[in-house]
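The data below hold one chain only, encoded as structure tokens and taken in the form predicted on its own.
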């Protein structure tokens, strides 16, 4: 009888294993790391950390609307400078081979997660040499957050130096993910602090299992997840940098979903009966950022001349193949406060030549940095750079195209005194204009550790942004951001390229995937038909 029971149990286990669902996502690049705080992946959150972590507030799926996350509720003071968060109880930390938690998520984890980014003398601030907290710095969080106070194990009060209209949306962003203080303490005691970035644990719907560099990331369903559990059992990121190879894998059934298809493949994907294609207007911008601290690019007239020398529509047609709109502003037209009255710089090579001569610039040589990977805002940076190079040669400017491995590209492009203009872009993180304008272009973000690749600091522009953040009046904020866009266009720290349409091809066996206006790829709601 015991033998029969054992056989029955074994058969049941085998049947359950056979029914386990594995979802394969053909991701486009290797992760910079698995710590959610320091990495931006070039203006698009690195999806590799997303399944593992949660934040105090979250974005409602498929929207930019804020909803409760690890904080189940919050109170805001009348003057908008105090936020008291009431934390969820019973939220379990994940475990791994080096760590078994002895307690649930609590206020200590919240304070640790923010302090390590904001305090330069914190023992975890530089646990990886040279690490920067680009989002935290660019959003001026070190100055904004005056204090974080533990009221009790499940109540935390943030005191701000001034009102901050987008604060709840800002802390729903990935950089504000909550990590375990107990895990950090365990790693520090063992002398293996780097494992915070290599062997992450969180409170999210999936657990990290393993990473094979430049090849595959494996996750498993978190059985202790505090929210609605994931439908699939195993999640695999098959790292596939080439868009054509990603599509081949998708068609062959080797993966279920892929990001960033080549624009030339869109119609073929539509015509494939085994695939389906989700699409929406992208909350993004692609740009070429000049180093405005280095001559002659410190002269707005020179930057304007270069902008007028480049045929933007030709780039949109050749690189994006119609799946984008030419960009004239640093925020997309789908975002509130977009200033449509602004006139774009015309394509006028003769006027550009005259402006360069007027500025005393002759025989100019420059570098154009071309990203080595695809992003929603830039399907082919190398081809874009080649078109720019050709256009600039017609006005007497010699451009050399350079590139680096993706992580190195992002790091080097932030170095002061950088030689060359950088092709990059941004996908919105929270649906607020501040997330583009302050993060990418303010004086606060122009210094070390910021995301302002133009190193552009215009005090009038930055004051408008600060004024817009301290008022909750939408009409007043809109007017201020519209004025800021006028200054941006006049000063031209960027050549704005395009706002692209976002496409997500997937197997027609996939259900439950929800596109995010913020460019996130999340998989806890997906299912696969047999």
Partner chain sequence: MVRFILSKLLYLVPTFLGITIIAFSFVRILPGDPVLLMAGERGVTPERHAELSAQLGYDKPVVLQYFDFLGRLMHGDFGNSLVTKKPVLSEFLTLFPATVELGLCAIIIATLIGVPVGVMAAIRRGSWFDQISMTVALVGFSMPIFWWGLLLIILFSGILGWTPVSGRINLLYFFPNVTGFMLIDSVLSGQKGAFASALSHLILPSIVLATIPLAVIARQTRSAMLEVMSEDYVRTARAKGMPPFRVIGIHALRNAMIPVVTTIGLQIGVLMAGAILTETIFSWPGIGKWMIDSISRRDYPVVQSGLLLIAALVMIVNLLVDLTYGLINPRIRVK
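Just so we're on the same page, rigid core means the largest C-alpha set that superposes within 1.5 Å between forms. Positions refer to the first chain, counted from 1. Since the model is a prediction, treat every value here as computed from it, not as a measurement.
Same protein, other form: the form predicted together with the partner chain, not shown, and the subject of what follows.
Residues with any non-hydrogen atom within 4.5 angstroms of the partner chain in the predicted complex fall in just one of 390 to 398, 77 to 85, 193 to 201, 338 to 346: 193 to 201.
Mapping the unseen interface onto this chain, residue 405 counts among the residues with a heavy atom inside 4.5 Å of the partner chain in the predicted complex. In the predicted complex, none of the heavy atoms of residue 186 sits within 4.5 Å of a heavy atom of the partner chain. In the predicted complex, the partner chain lies farther than 4.5 Å from every heavy atom of residue 350. Contact annotation: residue 419 falls outside 4.5 Å of the partner chain in the predicted complex, judged by heavy atom distances.
Contact with the partner chain in the predicted complex, judged by any heavy atom within 4.5 Å, is made by just one of 239, 368, 91, 148: 239.
Of the candidates 433, 205, 450, 282, 450 is the one whose heavy atoms come within 4.5 Å of the partner chain in the predicted complex; the others do not. Site residues 264, 325 and 500 are none of them in contact with the partner chain in the predicted complex, judged by any heavy atom within 4.5 Å. Residues of 369 to 386 placing a heavy atom within 4.5 Å of the partner chain in the predicted complex, in sequence order: 375, 377. Residue 450 is among the residues whose C-alpha shifts by 2 Å or more between this form and the one not shown once the rigid core is aligned. Once both forms are fitted on their core, the CA shift for residue 267 between this form and the one not shown remains under 2 Å.
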